[in-house]
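In structure tokens, the next block holds one chain alone, the form predicted on its own.
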Amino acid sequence: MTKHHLPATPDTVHWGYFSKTLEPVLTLKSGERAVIETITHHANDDYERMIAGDPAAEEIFHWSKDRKTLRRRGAGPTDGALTYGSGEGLGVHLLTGPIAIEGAEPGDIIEVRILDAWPRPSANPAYQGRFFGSNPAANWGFQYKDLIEEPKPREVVTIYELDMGEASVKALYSYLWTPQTDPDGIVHPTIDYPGVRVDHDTIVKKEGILSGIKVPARLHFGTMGLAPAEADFVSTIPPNYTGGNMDDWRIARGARMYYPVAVPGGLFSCGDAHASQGDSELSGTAIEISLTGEFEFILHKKADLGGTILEGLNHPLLENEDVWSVYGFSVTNYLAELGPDHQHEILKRSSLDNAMRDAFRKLRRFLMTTQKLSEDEAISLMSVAVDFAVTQVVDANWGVTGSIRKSLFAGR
């Protein structure tokens, strides 16, 4: 079986957007595998631990008064009255890709099998071989306007270390975000533009936090998916019908993700990797870490979908050894439903009520179509056997996943 390697370099990453206009950096045949490197967009929260000594990371994040390696960092404009930088505000995640699948056309489904994932070690000799990630409690977090201790509001960054031997993470230290001045002289009073390097001379580290607590590792990719068709540049922040920033810790080794193809080739990208995350991603982030993954890509042609679990699928679907899971959003397809200003309108539409209803409708269709249940049978089964969980409440298009155990159908 052919296996390709896609390193993270300035030529193979794009920052803050999916785009049907990008040329693929790799083209695969159905059935081929790729080892894909990803680098976290939060690496500059601790430059010494997560960037220093790593040539690829250093070059990707390079930003001086004279040169900025990756100028576009979002789905917004590249010129005009920009305050912070190119593409500002719409999209933050550093993605590797896109990868095209030969023969993929709109109406087809691309299956992405996650075969393995492992962390990118620190290349700084002072931390050689160790693994670090960052968890900012940020201004877009669910908690930001509901704090009880001073100062408020506030943003706090917590740096974690991943122990692969114990498969756990522990907090090392935290710090209160202070205004950071970027190389262009612009001050960032909040975490508002990706890749700003935190000057550790301006912060005070709080040591000994979360003492004695170890969190089980859940290595996964928070953002994976295909390029949508509705706009040339689409923010990575709200998830949508072709996948994207779904922030579900279940999208991990052993999972198969199915994505509807919207543009020729599909154009798959991934990133926003996490060492661990709970349902909701409440503070706005997980433990943001750099991971490398091994993936296998399978193309399912539209003409062959009838009579399979992919029949009628027009949204992401997860399958692993135990469950099928569908993903409900505040707005099912915000790119098509919210008019020409959809990427700003979705920021006003966060709703768990709507996400729950969307998940219910998607799972109802799945059970009626693929398991041939009546509507009443599907509703009863959902009430007694389906687990609905909040995937995230921080990505504007909030998410609820509905998971049903495959073992329920063993006797059919």
Partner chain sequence: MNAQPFTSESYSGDARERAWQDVLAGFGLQSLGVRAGSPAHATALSRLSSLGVRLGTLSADAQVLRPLPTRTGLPLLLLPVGNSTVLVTGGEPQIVPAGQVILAPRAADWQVQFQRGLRALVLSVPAEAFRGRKAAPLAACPPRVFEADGLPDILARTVQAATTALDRLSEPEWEAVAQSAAELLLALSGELATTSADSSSSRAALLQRLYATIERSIGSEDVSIADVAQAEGISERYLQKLFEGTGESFSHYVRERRLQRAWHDLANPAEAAVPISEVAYRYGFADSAHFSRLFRERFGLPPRELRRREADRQGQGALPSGQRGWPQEALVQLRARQTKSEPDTRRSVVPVSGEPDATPQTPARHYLPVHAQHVHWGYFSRSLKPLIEIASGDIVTVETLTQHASDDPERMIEGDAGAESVFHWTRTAKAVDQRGAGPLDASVFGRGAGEGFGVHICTGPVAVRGAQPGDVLEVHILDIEPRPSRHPAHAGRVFGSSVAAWWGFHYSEFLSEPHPRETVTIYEIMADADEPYAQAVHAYRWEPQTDPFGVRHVLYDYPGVPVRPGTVTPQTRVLEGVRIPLRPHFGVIAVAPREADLVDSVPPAYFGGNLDNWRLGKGATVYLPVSVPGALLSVGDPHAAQGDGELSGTAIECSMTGTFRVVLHKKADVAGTLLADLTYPLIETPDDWILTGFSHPNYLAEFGADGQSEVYAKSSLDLAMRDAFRKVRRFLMTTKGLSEDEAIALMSAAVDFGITQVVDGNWGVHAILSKRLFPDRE
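Residue numbers count along the first chain shown, from 1. The structure displayed is predicted, hence computed values, not measured ones.
Although not depicted, the form predicted together with its partner chain is the subject of the following passage.
When contacts are judged by a 4.5 Å heavy atom cut-off, N320 does not count as touching its partner chain in the predicted complex. The shortest heavy atom separation between Y241 and its partner chain in the predicted complex is within 4.5 Å. Although the partner is absent here, R253 is not a contact residue: none of its heavy atoms lies within 4.5 angstroms of its partner chain in the predicted complex. Its partner chain is not shown here, and in the predicted complex it never comes within 4.5 Å of any heavy atom of Y17. No member of the trio T12, W140 and I298 reaches its partner chain in the predicted complex with any non-hydrogen atom inside 4.5 Å.
Contact with its partner chain in the predicted complex, judged as any non-hydrogen atom within 4.5 angstroms, is confined among 157-165, 188-196, 67-75, 96-104 to 157-165. In the predicted complex, not one residue of 52-88 has a heavy atom within 4.5 Å of its partner chain.
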